[in-house]
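We begin with a single chain expressed as structure tokens, specifically the form predicted on its own.
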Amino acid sequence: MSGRPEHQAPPEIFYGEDEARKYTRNTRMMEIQLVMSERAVELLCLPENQPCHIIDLGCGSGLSGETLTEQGHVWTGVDISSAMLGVAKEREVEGDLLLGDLGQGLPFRAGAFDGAISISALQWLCNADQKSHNPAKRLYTFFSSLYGCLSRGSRAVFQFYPENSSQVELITSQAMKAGFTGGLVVDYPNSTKAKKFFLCLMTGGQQPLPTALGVDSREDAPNCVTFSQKRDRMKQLRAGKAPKKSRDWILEKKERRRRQGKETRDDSKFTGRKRQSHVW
């Protein structure tokens, strides 16, 4: 059996009473949660000295919510595990708590939140724990409802543990379909233990991605992967337009130039062919 928790049992079962108690006793686990939560809030780029209303997705026992409280923000937490929420209540966290399945969507009014964070929860939605579960549909339902309840211009930051590149593609494609732009920020990409994945989603159009930690400033581009260009490409394909820089796009552009009477090179089998890049 896989060592990944999401392969062992559904989250509401895996995070039962015993597992939930670990979050109040395991100091190392608490320290890791604290560091990841602080990084997620940093990536939200919230206005300074201004309290915001944040939704904590998969809030668990409220450890990430405490980070929000310490920074002066108000928060609402959603989790599928009643045991985890029970521990959060015992710890008397200051956020409002809601028992719910993220894959069924969020029940909040439009523009209710100024941002969203999620720590170690997103990968659970990629599993089909019941026969009726379709991961792609559940992810789209979740992202579309999240997009609706976020104020325009706000961000959502997910720290998660992708199993493989196909899982990253599944998650990002459904986020794009729901209306988000953004990309993946990978902190400490060259470290096996410290490497962390953060999916940064934006609601107000494409914005520059934050710089990844643990990389040289000249090397951070490969560790900040945007998917807004792919989203625009998909829109063009749906509209019946040739993708920019494709062979068909180039041929159409050349034909327009000919109709305008401009000097244009003849078409050939090399038209639109990608040139090999050389590193000297």
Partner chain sequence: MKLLTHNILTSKCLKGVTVGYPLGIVAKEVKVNEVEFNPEFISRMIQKVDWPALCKAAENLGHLDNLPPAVVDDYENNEDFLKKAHHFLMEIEVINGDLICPETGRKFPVTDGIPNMLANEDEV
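On a predicted model such as this, the values are computed, not experimentally measured, just so you know. Positions refer to the first chain, counted from 1.
The same protein also has a form predicted together with the partner chain, omitted here; what follows describes it.
The partner chain in the predicted bound form: within 4.5 Å of a heavy atom of each of Met29, Val41 and Pro162?
None of them does, since no heavy atom lies within 4.5 Å of the partner.
Heavy atom within 4.5 Å of the partner chain in the predicted bound form: which of Pro189, Gly179, Pro135, Gly105?
Result of the distance check: Gly105.
By the heavy atom within 4.5 Å rule, which residue out of Leu97, Leu122, Leu139, Val157 makes contact with the partner chain in the predicted bound form?
Contact check passes for Leu97.
Heavy atoms within 4.5 Å of the partner chain in the predicted bound form: does Ala194 have any?
Answer no; every heavy atom of Ala194 is more than 4.5 Å from the partner chain in the predicted bound form.
Please check if Cys52 has a heavy atom lying within 4.5 Å of any heavy atom of the partner chain in the predicted bound form.
Answer yes; at least one heavy atom of Cys52 falls within 4.5 Å of the partner chain in the predicted bound form.
Just to confirm, Ser151 within 4.5 Å of the partner chain in the predicted bound form by heavy atoms?
Although the partner chain is absent here, Ser151 would touch it in the predicted bound form, with heavy atoms inside 4.5 Å.
Does Ser118 make contact with the partner chain in the predicted bound form, using a 4.5 Å heavy atom cut-off?
No, no contact at 4.5 Å.
Out of the stretches listed (204-212, 181-189, 162-170, 72-80), which one is close to the partner chain in the predicted bound form, meaning heavy atoms within 4.5 Å?
Of the stretches listed, the one contacting the partner is 72-80.
Going by the partner chain in the predicted bound form, which residues of 104-118 come within 4.5 Å of it through any heavy atom?
Result: Gln104, Gly105, Leu106, Pro107, Phe108, Arg109, Ala110, Gly111, Ala112, Phe113, Asp114.
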